[in-house]
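What follows is one chain in structure tokens, specifically the form predicted on its own.
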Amino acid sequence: MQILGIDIGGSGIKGRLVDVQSGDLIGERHRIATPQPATPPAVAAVVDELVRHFNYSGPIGVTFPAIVRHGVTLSAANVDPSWIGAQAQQIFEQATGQPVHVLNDADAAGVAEMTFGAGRGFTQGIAILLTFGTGIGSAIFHDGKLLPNTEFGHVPLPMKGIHAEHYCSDRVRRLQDLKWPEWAKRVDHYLALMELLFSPDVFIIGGGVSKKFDKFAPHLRRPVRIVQAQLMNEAGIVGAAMSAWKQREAATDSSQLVSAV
């Protein structure tokens, strides 16, 4: 079954059709620059443009760089502050005329990696996906089940006095022109804190910097298993589509149960 996945970022909004049963990407990805300012009406218009580009009708999965609870965005990273408290699901449904499921962008990437990528088959223990990009996104799974909206990139680092993403995001690496060993040492400090708090069995490293995994991974010293994400920048789109599909299946099952009663 093909579902449209849309990944909203601070610089671009990307969409692609996904075979949610195999994880395969269908056709070409279409990208539109994120409007500035990225207000709800402006972003919703771009989402609608993507839907029309694919001539698509059906459930849509949308990732968003924010805490998302019951379709409401409770924070706003790299988008306009007017998204805080916005009825995101309702906004996108009104714009597209289609059923929409909205979730945190890192959660979507985690869902994809745990199903079709580096975490595939990992059904026992704790797995943590960390995406290093403009900030740091996170998704944690216990026995394969997602605990949503963790936002570990905003965890304050002891002795540093700053949030993790202001210390070891890929953006910080580029702005401060850090060499790979220097940056890896910072990432190691951050992973040590995550290890102390959650005792994970595996870290999955995603985001744009994961393409350079071989440059920094040899410099990481944590005893926990650390692996490279496999779906790279397409993980959000795949996870969004999968989440929309699961939401629809759950709603269908509930409806059938009610009808049976």
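Position 1 is the first residue in the sequence shown; the rest follow in order. On a predicted model such as this, the values are computed, not experimentally measured, just so you know.
One more form of this protein should be noted, the form predicted in complex with a small molecule, which is absent from this view; the next part is about it.
Q: Residue-level question: is Ser82 within 4.5 Å of the small molecule in the model of the complex, judged on heavy atoms?
A: No - in the model of the complex, heavy atoms of Ser82 and the small molecule never come within 4.5 Å of each other.
Q: Does Val100 reach the small molecule in the model of the complex if we count a contact as any heavy atom within 4.5 Å?
A: Result no; Val100 lies far from the small molecule in the model of the complex.
Q: Quick check on Glu113: any heavy atom within 4.5 Å of the small molecule in the model of the complex?
A: No, Glu113 is distant from the partner.
Q: Would Val47 count as touching the small molecule in the model of the complex under a 4.5 Å heavy atom rule?
A: Close contact is absent here: in the model of the complex, Val47 is far from the small molecule, nothing within 4.5 Å, heavy atoms only.
Q: Counting only heavy atoms and a 4.5 Å cut-off, does the small molecule in the model of the complex sit next to every one of Ala77, Asp105 and Thr131?
A: Per the other structure, all of Ala77, Asp105 and Thr131 touch the small molecule.
Q: Heavy atoms, 4.5 Å, the small molecule in the model of the complex: which of 117 to 125, 131 to 139, 182 to 190, 86 to 94 makes the cut? Say which one.
A: Only one stretch qualifies here: 131 to 139.
Q: Considering the small molecule in the model of the complex, which of Ile205, Val224, Ile67, Ala38 comes within 4.5 Å of it through any heavy atom?
A: If I apply the 4.5 Å criterion carefully, the residue I get is Ile67.
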